[in-house]
Ligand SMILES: N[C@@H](CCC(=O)N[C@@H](CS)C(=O)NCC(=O)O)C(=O)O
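One chain comes next, on its own, written out as structure tokens in the form predicted alone.
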Amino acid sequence: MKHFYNPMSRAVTTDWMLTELEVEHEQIVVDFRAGENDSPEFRAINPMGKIPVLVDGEVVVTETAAICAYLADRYPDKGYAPPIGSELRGRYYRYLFYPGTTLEPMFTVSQFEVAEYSTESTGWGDFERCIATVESMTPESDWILGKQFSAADVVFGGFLDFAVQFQLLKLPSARVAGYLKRLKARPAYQLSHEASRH
């Protein structure tokens, strides 16, 4: 298994997932400055020229949430996803996909200070609704699935952590701050985020 990675990218989240699972893999650092992500060899793996990318034999998985979901299902004995058919699966999927389909586009639009856009036509609505949803979705204690930590925490929590660190979410509520504190106390979080701080 190969993980294409750079410590200053979204691949920190997939590295965290791999660290949680303690999966043996080859970490391949992609140097953006040297243009390695635009090389023909890398574009043959991911035409988008982006990371993270996970290669598991003949299987190529891109997109942070997809990689985390794939890994959780690939190693079901580790307990990072509710079983197929479980009622918890719907909740799990919601948290996996909300950051990439709604929060990231909304924060991007906010960052570029787009004055007007149709909140009815866009999938992410507006800032106020997104933040209200984050508040309602963030668990007050433990994790998204209760006592069970899952890939959904890695993806949802990882994005909130990124948003706070880069001041996209400037004033996290006590509830969000408490959740992030619990995430940062996890040994796998600390191991996987150490390189990205330098």
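Don't overthink the numbering: it's just position in the shown sequence, from 1. For clarity, every value in this text was computed on a predicted model and none was experimentally measured.
The protein also exists as the form predicted together with the ligand; that form is not presented, and the subsequent description refers to it.
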Consider residue 150 of the chain shown here, and say whether it contacts the ligand in the predicted complex, taking contact as heavy atoms within 4.5 Å.
-> no
Hey, in the predicted complex, is residue 9 touching the ligand, heavy atoms inside 4.5 Å?
-> yes
Find out whether any non-hydrogen atom of residue 49 is located within 4.5 angstroms of the ligand in the predicted complex, and reply yes or no.
-> yes
Exercise: residue 37 in contact with the ligand in the predicted complex, heavy atom 4.5 Å = yes
Partner-facing stretch of 167 to 175, 29 to 37, 142 to 150, 129 to 137, counted where any non-hydrogen atom is within 4.5 angstroms of the ligand in the predicted complex = 29 to 37
Counting only heavy atoms, which residues in 53 to 69 are within 4.5 Å of the ligand in the predicted complex?
-> 63, 64
